[in-house]
Ligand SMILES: Nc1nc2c(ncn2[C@@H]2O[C@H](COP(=O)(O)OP(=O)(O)O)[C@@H](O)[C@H]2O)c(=O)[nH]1
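This document starts with one chain, in the form predicted alone, laid out as structure tokens.
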Amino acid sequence: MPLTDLASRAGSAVRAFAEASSDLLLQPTLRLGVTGLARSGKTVFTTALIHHLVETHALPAFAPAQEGRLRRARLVPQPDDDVPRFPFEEHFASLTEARHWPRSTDRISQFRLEIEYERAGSWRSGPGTLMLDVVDYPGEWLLDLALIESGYTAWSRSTINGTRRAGRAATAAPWLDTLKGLDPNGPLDEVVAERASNAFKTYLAALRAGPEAVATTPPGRFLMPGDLAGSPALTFAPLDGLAETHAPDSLAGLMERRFEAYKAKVVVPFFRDHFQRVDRQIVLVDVLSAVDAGPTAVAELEEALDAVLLSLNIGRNSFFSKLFAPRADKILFAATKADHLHQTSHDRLDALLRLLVSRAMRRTEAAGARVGTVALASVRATRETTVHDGSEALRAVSGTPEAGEVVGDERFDGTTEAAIFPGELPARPESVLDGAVEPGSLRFPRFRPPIVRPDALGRPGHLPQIRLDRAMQFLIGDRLT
């Protein structure tokens, strides 16, 4: 094992020991990771979580709040000074004042909530305090963890093979044309490497913009480089026709060095400093977009979720593992945008998500971790209604579609409410993989956030939600007893 790996693991063990010792002996702390694949609503979930805890709303399925045991929750300085603070106030204002959805997650952020509560156990009573540390990060970074165990040649072959999947030929064609003109054994050339990397990044961006945006192909930082933009660690690409070893002064040798630098400088530090320290994890998923895109996109989503679970550091914690090698003991997968469907389809959406992660769930539960699923809307943008099509009554949802959204022949202006029949998910979730839902047949316009007015005392209004309280109970309810 390289000396750097030993030092990295030793540093992780020291930090884990210090944090676990503080948790066990001084101040109980729970570290929750929040992530999701593209456009899944990570920022909205995190904003709503803070809102309901700080305002101590009586959420029916969240036992500490429903039973009146949640005394107070407040934002306090976060533990990691090198991580940006989650801008809750900005995002909450965007939702409630401007009625715009917050900007998407493109970097890691963090906040700490100090939660004061009354214990519910019969063998101990009185007040308790839990420090809830929430780390919000892009799902693309999570899928990058699979690169740690991969070599450059294997990654190149896997990525190129991925272009042969159904529906990807047209998207991949420009990149593959560029690839044909590259000689892996040719001389090291910075200009050629940059051109190859740019063509590959264009392909990744096209994948994300297309119907398969629910799935991702690493490296995740290629599409959200931040302060690494233009650096050599982000200037590489797969090559075709690779041998198992490459001359250091060849194009392949250059690409391999940069691939390894990406792992060492980007992926491993994220795993060591943030991901490895997570106690609980929620993964948000836009299942509806995949269903509406067709069976290929649904299959892509299933594969991506399986890759997510393989990347997670999961299992039951003993006293010693908590001290030296902590693992996430609860994982929740959440199908978002449930408010786009009538409530009669919410259980069907949950069943479909459970089907997509069922294979991985069995493997995860065998390691001692609990895995749950839920269909939710962190902020509910619609209400349920009925529309009539001749003599037929259709279960619909009503809300304010965003400006420019189109349903049928109607284009919305962002101020007009509309009742829309979104369609229904099939009762048998397996049929979605068989093409039971025709691509494009469902109606899921993007609705604006709901109108939320302050109460008579000027306090913030209550953001409506669907099953967010169930997610909160699964993730943190047992730590507030």
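Start at 1 and count along the sequence shown; that's the residue number. This is a predicted model, so every value here is computed, not measured.
Below, we refer to the form predicted together with this ligand, which is not included among the displayed structures.
With this ligand omitted here, the record of contacts in the model of the complex names 370-378 of 370-378, 141-149, 343-351, 253-261, defined by a heavy atom within 4.5 Å. For the options 41, 33, 429, 423, the residue carrying a heavy atom within 4.5 angstroms of this ligand in the model of the complex is 41.
At a distance threshold of 4.5 angstroms between non-hydrogen atoms, residue 339 is in contact with this ligand in the model of the complex. Remark: residue 37 counts among the residues lining this ligand in the model of the complex, judged by a heavy atom distance of 4.5 Å or less. Interface membership of residue 111, defined by any non-hydrogen atom within 4.5 Å of this ligand in the model of the complex, is ruled out.
The shortest heavy atom separation between residue 275 and this ligand in the model of the complex exceeds 4.5 Å.
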